[in-house]
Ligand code: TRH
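Just the one chain here, the form predicted alone, laid out as structure tokens.
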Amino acid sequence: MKQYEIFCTVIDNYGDAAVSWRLARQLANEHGLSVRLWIDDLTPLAALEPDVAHNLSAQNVAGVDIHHWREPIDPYPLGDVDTVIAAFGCRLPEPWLNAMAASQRPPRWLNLEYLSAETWVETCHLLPSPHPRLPLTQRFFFPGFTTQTGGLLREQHLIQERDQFQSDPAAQAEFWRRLGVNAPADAIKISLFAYAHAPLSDILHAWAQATQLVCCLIPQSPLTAIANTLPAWLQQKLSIHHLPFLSQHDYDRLLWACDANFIRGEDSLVRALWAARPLVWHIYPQEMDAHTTKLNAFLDRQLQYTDTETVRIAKTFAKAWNAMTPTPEQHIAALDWLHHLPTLSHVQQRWSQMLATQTDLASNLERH
């Protein structure tokens, strides 16, 4: 049986742990691999996967061996290790690097990069990078939205499970009941997950002017504290519901059950994409406005098969939600986007269907 070692350093909230866990679980369960996940902080993983204990040095959950990564760390015998994955460019432990270099058959070493829609990732995908000191070479593995990249994480039966849930009113009603949400059937249900600097108050004040009731579902995040400061009339007008922190299983279903989803980070972006509902990405700010380039590249791919007016509305609101426009423009953009949701839904369904025809990331890892 092939052995995979995945190393993850938790830096960006829950995103690093979320992606690494989904990948490890899929490689073990769908590809029959022996997988060890080394992670330096078990707390976010335990929140995402309730079966994970945050205080154990080693455990097996869902077929994956999970090890709390603490230095110093000595490598297991490398004879059976086929692939070592450094998630998001984390540095492998020196003892592991030395053991890999001394091995008669060094394992394949991949650097799993962050997701980007920019075109340059296609030319960098699988490029080699020799180690400056040791006789080792790592290869860059870029997730992406085209067949020239590593693809997107997508479990084998995910689309089928989504379709079954979205076509089953009873399953959705039970899900809302379990979360304590009692929204009117004709309300527009929108999940809101973003960083603290999102212009939440301005957007919600705009939606309060809509003719149709907007039901806002806010999982535990920095937005929770902001929403608690809103005036009572606005919370009632919009039917705002605060949700607990959701496991990956429940968060997927929240995305499937809503009419539109606001997300942040890589894991929630990909999961919202597979929900086939309109999505708005709150991108993390970077130096020299690098995030603006990344956001524009994503929007270009997301909206490549639609009309000019829909592109204008979607891009204008995406910039408003990312606080790139003045408040008055945010209000107008928010209402335009809300009124255009049926068209945006068709756009997202089409893109999701197209992406689902491509090979998923875990399968591409095995193929290469």
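Everything numeric in this text was worked out from a predicted model, so none of it was measured. Numbers for residues come from their place in the sequence shown, where the first is 1.
The same protein has a further form, the form predicted in complex with the named molecule, not shown here; the description that follows concerns it.
Contact with the named molecule in the predicted bound form, judged as any non-hydrogen atom within 4.5 angstroms, is confined among 123-131, 180-188, 147-155, 241-249 to 241-249. The named molecule in the predicted bound form is approached by Tyr14, whose closest heavy atom lies within 4.5 angstroms of it. Although the partner is absent from this view, Ala18 contacts the named molecule in the predicted bound form, with a non-hydrogen atom inside 4.5 angstroms. Although the partner is absent here, Arg264 is a contact residue: one of its heavy atoms lies within 4.5 angstroms of the named molecule in the predicted bound form. In the predicted bound form, at least one heavy atom of Tyr195 sits within 4.5 Å of the named molecule.
No residue of the trio Gln3, Pro93 and Trp109 has any heavy atom within 4.5 Å of the named molecule in the predicted bound form. For the candidate set Trp207, Tyr114, Phe165, Phe298, a heavy atom within 4.5 Å of the named molecule in the predicted bound form is found for exactly one residue, namely Tyr114. None of Leu48, Leu33, Ile313, Leu335 but one reaches within 4.5 angstroms of the named molecule in the predicted bound form through a heavy atom, and that residue is Leu48.
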